[in-house]
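A single chain, nothing else alongside it, follows as structure tokens in the form predicted alone.
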């Protein structure tokens, strides 16, 4: 009886060691996650350190302006706000046309801080919202990856996401755009879905619907979630992985999530009426049919089950055919088949360039180049395939979701460079899994082959403690009836003894596992070299990410810099121009420019604009494009009819700024020509080439955009050499008859012109012209129509 007593005494010791080790691992993981959060926040502060605390890009200025209105007027005025300073003379209903998640989040943070007597300005809160949520996104990545492959993979994926350049580009301090909070909402929604799938908890299913609601409030990319999850559910059903946990994870999301999504004004009934959502409803029907089949299989005999299945399949097919017929009828009645223009651009990459040039004109809607992948995800591009392979060892419901996520995100990122942002979390998760599995294999191989390693049982104590405990408990249970009642042994106790004899001992199990690991172990030298290479790869990734955060993605587009032999040059022309408009024009004056600068003009100059970055009205944008593409007089008539007083153009020919209006001009021609047929792109091209030199076409040399950009340009160097196009311009000396220059910034990057007032009519000339034409006018119809300036 001594051996069992010894083994029994060893059980609490092993259990205590495991408890202590798990507790220490939990505390260590907590502190590592805190450091990862600090890293994710601090690496995004280069823009503030190098420049200043300022809002970046174009769209963030609109979000900042809306947040200012929310904090001043309140939530009810925000929902009912009609903005008459945009899209003149149409205006815009802000509450019903924006995704309010970002604004409400920043407004809530500002309110909480002020409630705690921390007097931060709205601008400061907006600047630092993205870095804060990048830390949240890193923690959400840890939770998601932990559910798939464990805590080690979760920590690795979290630290990779904290530094990945693709995510940094959209979450630096000052990048106050929807993606700042949407990526966190995306990852957290996926985590709660996987958590529900693993646990079957209705509590997590409800939280998943709420997280999906927050995602809908934050970004139009929520359609990615409501299509990816149904794809995964359908994959599980087809591969025979249906379970009640799958049903609980999906059904509440569709019902509750759709109801909540319909509450967002910008979405409304689109949550049930557009083709982007139909896949979720179709899979919702399918999963109920499958659930019903499994239910009747459990209560019927095999013979009755076959009959019932035949009936259910027949009725189910009839219902599905009816639903599909209704959906096809609804889709066919729509010119775009129920899809939005951006969704069609993702499914057919050539759609936007053919039919919606306003979408194709946006630089972030262009397909990425191969160097873009190396720039934005760096070495993760090489680790992703290894992570996909690791997800198949073994393949679970959670790991199959990760494989589906990375496959779809790779496709969409190849269509639109903006969606590299969606690829980044998937790449970090799969790369974290690959690195974690590689480190486990390599360190395990080294540990087995180091001299002085303890016995097999001690090496594998952590992994086999549960088996040892179970075996010892069985021994104790088998010994107990022998000591108490040897004469009254039941059949059950005898059966347990037989099972105990047949069951291998814990030591045998430990030895078997150790032998397997020895067979799979790599040579010591190869393991050490491979481990060193992985560390070097990680160091290279860190260096690249820090460089991207400090140099590539930290500069705000509102303030530009360049380095030359003379040192660092700062170009603050945009704020200089907006400040001039704010202080030297009337409050009610209207400013016309290309739509890229609409948000900044409204937010920084506080002046009414004709078009802005919302691009909801293609005809209005085409009108501005037509004016810029027309001769001076015709352009003046168009702008005058819109009550425009000032025209703003961006010109980079003097300093070499490539993103100016001359480089964007062909898109103005295409968009304008799509609505007004008299604008034809070939008229602006010489032998199919876009030129501004002496070989340029007369239509190009006489259009308004050319004149406003190059007016007095020859006075700068005497040659009128354009540093962006790298040529001398074709028409150097000309005068403006209907516009006058009122302001040009220091580096000529922004030029502002004022429309001249219409000339007064001279009564004598009018009478003279009437007397000359009186004889001929009698034969013509009276009251001729005024010529439309747009045709």
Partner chain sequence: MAREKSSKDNAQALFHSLRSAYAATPVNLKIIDLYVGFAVFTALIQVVYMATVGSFPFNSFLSGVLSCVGTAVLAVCLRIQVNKEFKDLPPERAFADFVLCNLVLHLVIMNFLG
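Treat the numbers as computed from the prediction; the structure is a model and nothing was measured. Positions refer to the first chain, counted from 1.
Unshown form predicted in complex with the partner chain; subsequent notes refer to it.
Task: Single option in 521, 282, 528, 248 placed near the partner chain in the model of the complex, where near means a heavy atom within 4.5 Å - done: Going through each option in turn, the one that passes is 248.
- [ ] Find the only residue in 201, 366, 227, 275 having a heavy atom within 4.5 Å of the partner chain in the model of the complex.
- [x] Of the candidates 201, 366, 227, 275, 201 is the one lying within 4.5 Å of the partner chain in the model of the complex.
Task: is_contact(residue 555, the partner chain) in the model of the complex, heavy atom dist at most 4.5 Å - done: Answer no; every heavy atom of residue 555 is more than 4.5 Å from the partner chain in the model of the complex.
Task: Heavy atom of residue 269 within 4.5 Å of the partner chain in the model of the complex - done: Contact check for residue 269: yes, within 4.5 Å of the partner chain in the model of the complex.
Task: 4.5 angstroms heavy atom contact with the partner chain in the model of the complex for residue 295 - done: Yes, contact at 4.5 Å.
Open item on the list: Is residue 308 near the partner chain? Define near as a heavy atom within 4.5 Å, in the model of the complex.
Closed with: Output for residue 308 is yes: heavy atoms within 4.5 Å of the partner chain.
Open item on the list: The chain here is shown without the partner chain. Which stretch in 399 to 407, 315 to 323, 657 to 665, 239 to 247 comes within 4.5 angstroms of it in the model of the complex, by heavy atom distance?
Closed with: Flagged stretch: 239 to 247.
TODO: Just give me the residues of 236 to 268, first to last, that have a heavy atom within 4.5 Å of the partner chain in the model of the complex.
DONE: Contacting residues: 244, 245, 247, 248, 251, 252, 255, 256, 258, 259, 260, 262, 263.
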